[in-house]
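To begin, one chain is listed below as structure tokens, in the form predicted alone.
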């Protein structure tokens, strides 16, 4: 079983990411949300922590080995600072990690060294679609073989940094199976909306709609080459990353509301001493710990190639969606009327927390 104690390298990573999350991301989160923009220097500083580099072997320009557990620990810490900022820093991983997990040797050699060894660059991926019944394993976007090429048609939503992306991985249905295709910048038939997505939260993260109208890519651009790849592995990695981010966001809401409750006095008594508030905080903490352990177990099973890793990842993600909404809503309740004021971050935590059911595909470990 996975140890509940991070090893020395993991602890060093957690400490470094934690400092960046609290001192940099959290400090800039309010203004970034209001201005709908994350400072480039802030993203670059997060990129320099080397999360992707530490997950990439030396042969592809990195200095480590991929670990879903280590990735989950890092994502949780970064999301504790600010969810939008964390997703921005990790956006290149949406392109690089699937190539690392399922790409051909040629694709790894072609793309990974430049991405991992260079400055932060807007490489991204497009998975989510506008559909009430959106299912990542039954996509409406299609891919059809045409000689030594594939033709892609469909529409994607919530694609981060799509406007400036150097390249993106587009996921599409190929004969009933979800597969990824590397689509270069300015490919014929590829169009990105001029306006950004307008959402309840995550306004600091630039996301766009992407349309594919008979976009033709060579067969070598199919992720994994002619034989394709195992999408379940990529999907499970996305679910674990999303669950870890939910834990980090929920923890931020709990910590802020708990500190507020310890300081706020009503009729001469700290509200943390009120039974209703104390029970609420206790339930928030319990739910966070439950999902954290479930997420760690799913990550450990993914690293160990356990047969039920995909099922565990699904449970972690679905549980995290409910947990994030409950905990962030309670955070606003603890602050009472102050929870509705933008001066306090709990209202942003709640708006971001409501988005987790649609965030699948915006993070990967």
Partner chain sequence: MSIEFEAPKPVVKMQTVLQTVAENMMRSVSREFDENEHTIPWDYIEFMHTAMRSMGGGSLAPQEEKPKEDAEKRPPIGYQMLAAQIEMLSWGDVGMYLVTPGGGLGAAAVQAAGSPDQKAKFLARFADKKPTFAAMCMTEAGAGSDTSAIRTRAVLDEKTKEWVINGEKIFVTAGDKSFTEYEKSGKGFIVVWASIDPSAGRAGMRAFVIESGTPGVQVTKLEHKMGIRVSDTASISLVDVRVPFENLLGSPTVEKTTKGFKGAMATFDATRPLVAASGIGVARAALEFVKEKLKENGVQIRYGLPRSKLTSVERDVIDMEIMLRSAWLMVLKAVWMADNKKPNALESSMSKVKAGDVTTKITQKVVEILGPLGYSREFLAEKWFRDAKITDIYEGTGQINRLVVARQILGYSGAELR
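Numbering follows the first chain given and starts at 1. Quick caveat: nothing in here was measured; it's all calculated off a predicted structure.
Below: the form predicted in complex with its partner chain, not depicted.
Asks: Heavy atoms within 4.5 Å of its partner chain in the model of the complex: does residue 175 have any?
Replies: Result no; residue 175 lies far from its partner chain in the model of the complex.
Asks: Does residue 267 reach its partner chain in the model of the complex if we count a contact as any heavy atom within 4.5 Å?
Replies: Looking in the model of the complex, residue contacts with its partner chain do not include residue 267, since no heavy atom lies within 4.5 Å.
Asks: Does residue 63 reach its partner chain in the model of the complex, with heavy atoms at most 4.5 Å apart?
Replies: Taking the distances in the model of the complex, the answer for residue 63 is no, it never comes within 4.5 Å of its partner chain.
Asks: Answer for residue 318 alone: is it within 4.5 Å of its partner chain in the model of the complex, judged on heavy atom distances?
Replies: Contact check for residue 318: yes, within 4.5 Å of its partner chain in the model of the complex.
Asks: If you check in the model of the complex, do 32, 36 and 111 all have a non-hydrogen atom within 4.5 Å of its partner chain?
Replies: No, because 32, 36 and 111 lack any heavy atom that approaches its partner chain to within 4.5 Å in the model of the complex.
Asks: So if I measure heavy atom distances to its partner chain in the model of the complex, which of the stretches 200 to 208, 145 to 153, 223 to 231, 280 to 288 falls within 4.5 Å?
Replies: That would be 280 to 288.
Asks: Tell me, which of 106, 195, 133, 119 has a heavy atom within 4.5 angstroms of its partner chain in the model of the complex?
Replies: So the residue touching its partner chain in the model of the complex, by this definition, is 133.
Asks: Would you give me the residues of 300 to 329 that have any heavy atom within 4.5 Å of its partner chain in the model of the complex, in order from first to last?
Replies: In sequence order, 300, 306, 312, 314, 315, 318, 319, 322 come within 4.5 Å of the partner.
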